[in-house]
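Given as structure tokens, the chain that follows is alone and in the form predicted alone.
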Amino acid sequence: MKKHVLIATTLALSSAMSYGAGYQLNLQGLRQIAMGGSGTAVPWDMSTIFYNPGGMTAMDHWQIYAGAAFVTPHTKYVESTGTYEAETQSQTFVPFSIYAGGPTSWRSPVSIGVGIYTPFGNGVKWDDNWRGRYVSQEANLHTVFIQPTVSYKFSEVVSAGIGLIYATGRMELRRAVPIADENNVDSRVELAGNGHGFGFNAGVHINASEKVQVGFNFRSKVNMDVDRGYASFTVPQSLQTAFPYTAFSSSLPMPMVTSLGVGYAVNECLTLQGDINIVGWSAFDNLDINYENNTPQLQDQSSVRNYRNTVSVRVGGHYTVSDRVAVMAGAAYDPTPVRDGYVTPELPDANRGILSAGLTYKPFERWTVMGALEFASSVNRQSSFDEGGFSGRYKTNAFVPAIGASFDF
């Protein structure tokens, strides 16, 4: 019995934070969302605080900027035999971005600003009684990065900037445990905790010619350390001593991202741009959960993740229709970092294609309102979570409408 309980708990917790894969959000700017997530080379507005701090000095005035996206993912699971299907429950998540910044004085080579944004997140909720309930019923990850930033213009050609990052976030997990009570009801475990971390965001912007701009950006890895989360077990009374309510500690990496972007002004109205993003997902090679109160049945956990680095490609175009209106369109290919054998229903990740479009409108001289729509779709992926003994085919789609506004001083 003890062995059975220990195994059940291991399965329940070993993937407790497998949010890890593919939880990066590329939704930190409205124009950039509309252009496939590209934005390293061309500083369209103060959202360049995130995409390339080196571009801040291209803004000759102060600007405040706010935007929000409405992410409604939907995943369908089909068992390998093809005789059972399940779908995630409908949920809407709202990552946001707020920026404020500008030159320290008229024609100053120094610009300062601050960005508050949500670069990582994930949320999946399955029915409580679905077939994969012992691997996951619900998982959520929320993060907020706060980034004070400074940028310096060395010449009319080269600018550079750097911002320090303070990150805060919260993770939550719920799943069933295959230990039934006298009424044949499953036991369950819930984990929740707040995490914090530090990092930086640095970039260089180059006006290579009248038509060509080049951008380089490096956002460092941020380890979100959960120093004191809490694990709660609902088990039969006879096992409550073996599974106490206890604190735990862990750490989840937000991976580094290296980006190279190029923008080309075809004419006065049309600009094309493209990015290559290298994401350091290999930082998530292992997951450890350390309980404050161990018992023979409840031991610290260590689980291999073995993620791989990825290279995504993003392209977009911006067309100025008039002094007040501009339209945008874009596309991207975003491969999964999750290797076969490590795909869980907490994050059923797969290679994704993205199409997007958007519009900006200036109702007044200093005001700009923005709207964008992104559609992301993964390939059908037949995969498994070997550690949990669970496999099947997943497919995920997501529509992401987004709105925002900026004000120029």
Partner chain sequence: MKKLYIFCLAVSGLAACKPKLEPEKPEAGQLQLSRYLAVGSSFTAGFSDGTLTKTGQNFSFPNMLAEQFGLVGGGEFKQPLLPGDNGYPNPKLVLAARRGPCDTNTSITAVRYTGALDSSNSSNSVAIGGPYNNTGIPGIRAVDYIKSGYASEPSGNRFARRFFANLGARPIDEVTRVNSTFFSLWIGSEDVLGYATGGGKESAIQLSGVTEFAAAYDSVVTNLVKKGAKGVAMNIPDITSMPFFTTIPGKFVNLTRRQADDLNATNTMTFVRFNEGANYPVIQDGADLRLLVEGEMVLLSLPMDSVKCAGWGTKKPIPGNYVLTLAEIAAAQKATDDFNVIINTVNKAKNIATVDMFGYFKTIQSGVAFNGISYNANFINGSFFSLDGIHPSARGYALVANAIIREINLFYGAKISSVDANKFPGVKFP
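Numbering follows the first chain given and starts at 1. Bear in mind that the values here come from a model prediction, so they are computed numbers and not experimental data.
Only in words, not in the display: the form predicted together with its partner chain, which the text now covers.
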Residue 79: touches its partner chain in the model of the complex, heavy atom cutoff 4.5 angstroms: yes
Contact flag, residue 182 vs its partner chain in the model of the complex, heavy atom cut 4.5 Å: yes
Check whether residue 390 has any heavy atom within 4.5 Å of a heavy atom of its partner chain in the model of the complex, and answer yes or no. yes
Proximity of residue 84 to its partner chain in the model of the complex, heavy atoms at 4.5 Å: yes
Even though its partner chain is not shown here, does it sit in the model of the complex so that 100, 172 and 232 each have a heavy atom within 4.5 Å? no
Sort through 162, 167, 239, 112 and report the residue having a heavy atom within 4.5 Å of its partner chain in the model of the complex. 239
Its partner chain: the contacting residue among 222, 191, 135, 338 in the model of the complex [heavy atom, 4.5 Å]: 135
To test your reading of this chain, name the stretch in 22-30, 369-377, 46-54, 60-68 whose heavy atoms come within 4.5 Å of its partner chain in the model of the complex. 369-377
At a 4.5 angstroms cut-off on non-hydrogen atoms, which residues of 186-203 are near its partner chain in the model of the complex? List them in order. 186
